[in-house]
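This document opens with one chain alone, in structure tokens, the form predicted on its own.
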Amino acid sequence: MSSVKRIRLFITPYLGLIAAALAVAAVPLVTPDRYVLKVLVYVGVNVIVIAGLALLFGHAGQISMGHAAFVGIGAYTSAYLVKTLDAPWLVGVLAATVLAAAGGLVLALPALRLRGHYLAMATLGFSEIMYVVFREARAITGGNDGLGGIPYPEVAGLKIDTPVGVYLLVWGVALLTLLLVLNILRSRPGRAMRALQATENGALACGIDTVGLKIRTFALSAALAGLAGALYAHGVGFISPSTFGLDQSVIYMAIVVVGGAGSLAGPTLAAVVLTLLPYADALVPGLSKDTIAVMQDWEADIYGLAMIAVVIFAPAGIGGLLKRIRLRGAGEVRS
């Protein structure tokens, strides 16, 4: 194989990430609107969560219906440490990530004996337990009233309190997260995950430590969700239990299903599109009020219809469609 071909094979998987980085950098130049930037912060947070969930479900084949709980753990941990205990922001974010990873580890250990919908029910139960904790631990979470006045991010004495600054911080972390996950998928652990997803018995026959792999993947996915929660708390400044309920976990899973198992680009694109859906009025000029009202009122139904459409017309999801287009383009170039 020629050196040029080696370089091309190495760079090609990163081209989408490079294009995304350029688009992220260009947004503040195109629109300085505070509301639009705030919406895009939500998108960046969801991209971080979905990157971890795509790794867990799309490549390791483990279902989680409780990822919103890990986001909540991260959000409340960092908010409490920084707001109430005056801890440095980086310490709060690190503690949020570690505690969420510990939660994923605690959940993964008893759930190792479960598969399919049984595992989904176990993670759903964990999500409901944490939702009750978020509501009842009023001294830490503020209960149903929520927790406000959460400080902005601060690094080395530099306070990031502008919409552009928060946007660039969140998306910078999101891009680094995607880079981390992409590198994992291209490494030996990534190949082991794909083998586990295809057939656990086959993975065992190949000498893969499936138990350890499941635990590590679940912990990493939960850690990324906790990191996203910390960024959300400090970027928005207010959190409440309703943000981390079962509905949000279902939305995360819907995004991964629509994006396609076995893909990172598909779920990432689905996270961007489906997160922006309720805010179409701010991003698409000319939409009537009736259209916007219908989209917002039927948001959950649109997610469900999108999942049904994917199952019927594109079982591999957006990622599968992108791969098909790429292969078709490569075939036309060869011909």
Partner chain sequence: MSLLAVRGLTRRFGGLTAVDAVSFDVHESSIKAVIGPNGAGKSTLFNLITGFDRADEGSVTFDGAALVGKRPDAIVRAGLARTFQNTELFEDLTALDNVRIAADVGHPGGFLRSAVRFRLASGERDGAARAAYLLRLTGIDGFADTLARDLPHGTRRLLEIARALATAPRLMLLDEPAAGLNGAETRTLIDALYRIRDEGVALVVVEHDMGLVMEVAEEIVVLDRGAKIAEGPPLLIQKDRAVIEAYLGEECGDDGC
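What you are looking at is a predicted structure, and each value in this text was computed from that prediction instead of being measured. Positions refer to the first chain, counted from 1.
There is another form of this protein, the form predicted in complex with its partner chain, and it is not shown here; the text below is about that form.
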> Within 4.5 Å of its partner chain in the predicted complex, heavy atoms considered, which of 102, 140, 155, 204?
Replying inline: 204
>> Would all three of 189, 208 and 217 be in contact with its partner chain in the predicted complex, where contact means some heavy atom lies within 4.5 Å?
In response: yes
> Picking from 69-77, 223-231, 84-92, 174-182, which part of the chain touches its partner chain in the predicted complex when contact means heavy atoms within 4.5 Å?
Replying inline: 174-182
>> At 4.5 Å between heavy atoms, is residue 195 in contact with its partner chain in the predicted complex?
In response: yes
